[in-house]
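Below, in structure tokens: the form predicted alone, a single chain.
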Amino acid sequence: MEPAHNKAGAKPGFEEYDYSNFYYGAGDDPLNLLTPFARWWRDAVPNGYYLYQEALEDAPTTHVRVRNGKTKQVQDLLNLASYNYLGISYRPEVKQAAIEAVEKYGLGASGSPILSGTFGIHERFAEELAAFKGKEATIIFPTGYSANVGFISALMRSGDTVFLDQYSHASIVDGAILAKSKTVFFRHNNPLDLERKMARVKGKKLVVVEGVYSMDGDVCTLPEILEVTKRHGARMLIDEAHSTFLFGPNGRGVAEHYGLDKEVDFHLGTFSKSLGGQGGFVCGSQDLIDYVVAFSRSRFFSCNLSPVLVAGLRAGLQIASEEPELRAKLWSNVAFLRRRFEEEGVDIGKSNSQVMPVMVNNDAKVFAVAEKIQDRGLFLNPVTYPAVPKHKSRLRISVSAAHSEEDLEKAVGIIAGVLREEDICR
């Protein structure tokens, strides 16, 4: 695809295009896509896209050294971009567990879980995680992405229907695609729209929601959506990637937060957020897990998680289970930041979690805003279409229990100052 020329005959600026404009290309050669993309990319990188994939030079703590994508200089920045919600990934006991594991096991699993890649440490971790979630069994996946893809495609088939919130993560959408099921999107957090759409469908049905939606930071309206799901004889999967270990009296997630832990059929989560590692999981009955082991292609044909990583995750799970004060500190930080943003007139949308979008709502301006914020000492990432709707661009904050109020006050000062200069907040 060649970028169109405007009426004056000049090519438009990079800001008039994004990744979605280069999804399809002309001609019979797949590589025809490369030339127009490369032309656009040469302008896009120095004008803001360099803010993606900037390399961190040390652990993702509350302060981090980042190699600037434009200047190539390393900056010391306050970090509000990492998912390390409980500050667990760099805890001494987590690192020590991984060090001891690498001495015992070496680097990786060197096999798929169905063949030579399952170690005793995998089995023990799965049992501990099932106990934490209050379920019979757990299946562990290499990533959170593969957990959604593998579980949905293991359970659903051609002719079945998967109902997805319109803001569903790409891994949920891809799981339905791999299953070859009919995919029906309902309006975000809208049980009435789900009701209308489910009333038209017969056969096997699965409703998939997220505990916390990762771009808007709002919590699922689970009680109302679950009621519709059950009334139509469907099953429900809740993806608790951004809510497991954080919500509920025991940290089991949003389903526990609502007192619906036993009502939701399938519980999915990740280890890359609150536990600061990598991987995904699904909890449920033993019969369910045995079936998913047999039919989940994304796990069946992948190398298993490294035992070194699993050792660190086990230590992290113990911390999350035994230190509820971490959750208390996180929610105290969230309340502090919400109050200060409200006082400063900073729009964080409908967020009611530790994920907060700083709404810019200007696709052409978001990169300049992000650049100014980083130059003043704060590491945040811009998010634009197609990750979010057109003209809903934002910067996304991830609050951690490890942040101090001084950290958060500094962040508010930087963000509010830049937004005022750009006439984005009062």
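If you're wondering where the values come from, they're calculated on a predicted model, not measured in any experiment. Note that residue numbering follows the sequence shown and begins at 1.
FYI, the form predicted in complex with a small molecule isn't displayed, but the following is about it.
Asker: Is it the case that A176, even though its partner is missing from this view, gets within 4.5 Å of the small molecule in the model of the complex, heavy atoms only?
Answerer: A176 lies outside the contact set for the small molecule.
Asker: Applying a 4.5 Å heavy atom distance criterion, does G312 contact the small molecule in the model of the complex?
Answerer: G312 lies outside the contact set for the small molecule.
Asker: Report yes if any heavy atom of S272 sits within 4.5 Å of a heavy atom of the small molecule in the model of the complex; otherwise report no.
Answerer: Judged by the heavy-atom cut-off of 4.5 Å, S272 is in contact with the small molecule in the model of the complex.
Asker: Examine K197 and determine whether its closest non-hydrogen atom to the small molecule in the model of the complex is within 4.5 angstroms.
Answerer: No.
Asker: Could you tell me which one of Q354, S89, S153, S171 places a heavy atom within 4.5 Å of the small molecule in the model of the complex?
Answerer: The option sitting close enough to the partner is S171.
Asker: With the small molecule left out of view, choose which of V94, A241, V292, V334 has a non-hydrogen atom within 4.5 angstroms of it in the model of the complex.
Answerer: None of the other options qualify; the answer is A241.
Asker: Pick from 293-301, 256-264, 208-216, 132-140: which stretch has a heavy atom within 4.5 Å of the small molecule in the model of the complex?
Answerer: Careful reading of the contacts points to 208-216.
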